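Consider the single chain below, provided in structure tokens and representing the form predicted alone.
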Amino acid sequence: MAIKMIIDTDPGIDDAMALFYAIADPAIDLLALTTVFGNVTTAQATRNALFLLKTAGVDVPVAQGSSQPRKLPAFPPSAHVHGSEGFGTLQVPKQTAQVIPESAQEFLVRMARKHKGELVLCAIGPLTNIAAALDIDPEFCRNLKRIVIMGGSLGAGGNITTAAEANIYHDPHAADFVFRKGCNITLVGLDVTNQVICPRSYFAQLATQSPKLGGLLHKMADFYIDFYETVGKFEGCGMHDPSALIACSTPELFVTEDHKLRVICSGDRSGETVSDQNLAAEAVKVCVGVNISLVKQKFFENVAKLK
């Protein structure tokens, strides 16, 4: 039976990859998207989410979420990584489809109650909407089957600062709150996603198999890989958000360890995830190992089917 899923997202190039994967994988029943700031503003994230769904010919509801962090002032979007509109050099037209009237956090709480014990939430942006849902309903995470978060790092350092991964950095207070108050959490962070690196040739081959949607990802990936090559870290791009989606449907491709987590919320290490077994919190399943070749193969084989 397919997994009932909602994706909380800030599209974003690797978010687009993750969304197309969710649409392609028969093990996932995509129920909705919720949007948040991060790679782009929340308004851009919502427009981009609607654009991706329309391009893929998929009709699911979109709920717009928080527009700034829980306590910090808003950050400028990561235009140097994802482009000014979120998809590299692609200019995204204004969308005619409308979001639903509920806020993302209200929608998430309602859907978790409606599908109690069945719904997987995959959060691939800052955790602001998730923290807000816990504010509304402290049982929110307990009502989910599980929540899979792309974010953080235990041993791989950061990708926006030396200490912090971007999704956690953009709202450290929300992440700290979710790790302390939530449950049923799996964290897919840089410890594994920095290992799943795909070069330009990977996306070029994907475009030959899926000219429309694979071709769109190929164009986006060129911009994304330009950034990675500029910082001189990888020959290709990290499959951050897609890895989190694959961890939802095929968790056996990942090795996890249980850690109680907190997040540093100020200073030059703001956004750093820290394992602290003395916390009065439920342990998070932190991914520390990954079958790199099978994750890359699974992404390619599924997305290549999209027309």
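As the structure is a computational prediction, the values presented were derived from the model and not from experiment. One rule holds for the numbers: they count along the sequence shown, beginning at 1.
Not on display, but discussed next: the form predicted in complex with a small molecule.
Sole residue of 150, 127, 108, 237 within 4.5 Å of the small molecule in the predicted complex, by heavy atom: Only one listed residue qualifies here, and that residue is 150.
Listed range touching the small molecule, judged in the predicted complex by heavy atoms within 4.5 Å, from 63-71, 255-263, 50-58, 238-246: Stretch 238-246 is the one.
The small molecule contact in the predicted complex: residue 34, any heavy atom under 4.5 Å: Output for residue 34 is no: heavy atoms all beyond 4.5 Å of the small molecule.
Contact label in the predicted complex: residue 166 to the small molecule, heavy atom within 4.5 Å: Close contact exists here: in the predicted complex, residue 166 approaches the small molecule to within 4.5 Å, heavy atoms only.
The small molecule contact in the predicted complex: residue 14, any heavy atom under 4.5 Å: Although the small molecule is absent here, residue 14 would touch it in the predicted complex, with heavy atoms inside 4.5 Å.
Contact test in the predicted complex: residue 159 vs the small molecule, heavy atoms, 4.5 Å: Heavy-atom contact with the small molecule at 4.5 Å: present for residue 159.
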